[in-house]
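Okay, here we've got a single chain as structure tokens, the form predicted alone, with questions on binding and movement later.
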């Protein structure tokens, strides 16, 4: 029966179904807070306070006509939305939610989680190139330029936490904070700020939505995608938002740990995970509301002139402390 329990964990809780449902809820929370900060209403009518609106949008896209242009690279064009969603779900399964380790957990899994983020960005680049559309190609090129700009400081900020904990295993990183203090409290607050900024760029959210700039290149690398493929990409972004928020919590905010009552850990850990990830999501939404879109040259200059040096400084500070 142990294999059945593991299968239920992967498929239901805290696995794939839980990730997808929570991703829709977090999209609703993101849209409501974003609207509030801009003095708007946001989702309202579908479900209580519009909470079912993201799911309704997903179903609507699934029902729309799925068009595959004649000049695209059809194998890549059809497969990449599925690959992108699979990668984001794999990242979520590695997050500690109901305990101090995820469903996928092994020594060095922090490197695996960082690599997953890079692979998702590579999928985006190939999605634009495979579309054989001038706007998609420009969007893919912009995504590649952003990748070079934010991946290095994001990787350095995450690795600095591994150095501080003395391990590249997410379980060890979370466990170190359980027995001590959160890494956010101390020199790693700089790394947290860098990680949040780079996470915003990873998700292509304002002010880093340059590869999808609708006022310049239609929808960038997404231009030729419609119907089910577009629905899967939209869902991928929602799951990736949840994944990056959860990774930030694991690295800097002690994971799902908090005051517990003996025997109630399976209930309290998910609650702490939800509260902490909502805090990170609130920061990401606030950034989205405060700034306007950057140009690609501004993004690259900001990354190489400021984020990369600050990330290197963060690693040096942690190394001196250790």
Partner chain sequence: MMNLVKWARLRSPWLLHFNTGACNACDIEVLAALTPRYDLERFGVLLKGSPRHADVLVVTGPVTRQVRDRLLRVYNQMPDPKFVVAVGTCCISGGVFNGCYNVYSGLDSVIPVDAYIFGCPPKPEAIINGVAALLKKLEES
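Just so it is clear, the model here is predicted, and its values are computed rather than measured. Numbering follows the first chain given and starts at 1.
Although it is not shown, the form predicted in complex with its partner chain is what the next lines describe.
Visitor: Quick one: find which of 262-270, 292-300, 279-287, 32-40 has residues within 4.5 Å of its partner chain in the model of the complex by heavy atom distance.
Guide: Checking each option against the 4.5 Å cut-off leaves 32-40.
Visitor: Please determine whether residue 240 contacts its partner chain in the model of the complex, using a 4.5 Å cut-off between heavy atoms.
Guide: No, residue 240 is distant from the partner.
Visitor: Should residue 26 be classed as touching its partner chain in the model of the complex when contacts are defined as heavy atoms within 4.5 Å?
Guide: Judged by the heavy-atom cut-off of 4.5 Å, residue 26 is well away from its partner chain in the model of the complex.
Visitor: If we define contact as a non-hydrogen atom of the residue within 4.5 angstroms of the partner, is residue 52 a contact of its partner chain in the model of the complex?
Guide: Output for residue 52 is yes: heavy atoms within 4.5 Å of its partner chain.
Visitor: Decide whether residue 67 counts as a contact residue for its partner chain in the model of the complex under a heavy atom distance cut-off of 4.5 Å.
Guide: Residue 67 belongs to the contact set for its partner chain.
Visitor: Among 158, 198, 222, 244, which has any heavy atom within 4.5 Å of its partner chain in the model of the complex?
Guide: Selected residue: 222.
Visitor: Taking its partner chain in the model of the complex, which residues of 43-60 have any heavy atom within 4.5 Å of it?
Guide: Stretch hits, in order: 43, 44, 45, 46, 52, 53, 55, 56, 57, 59, 60.
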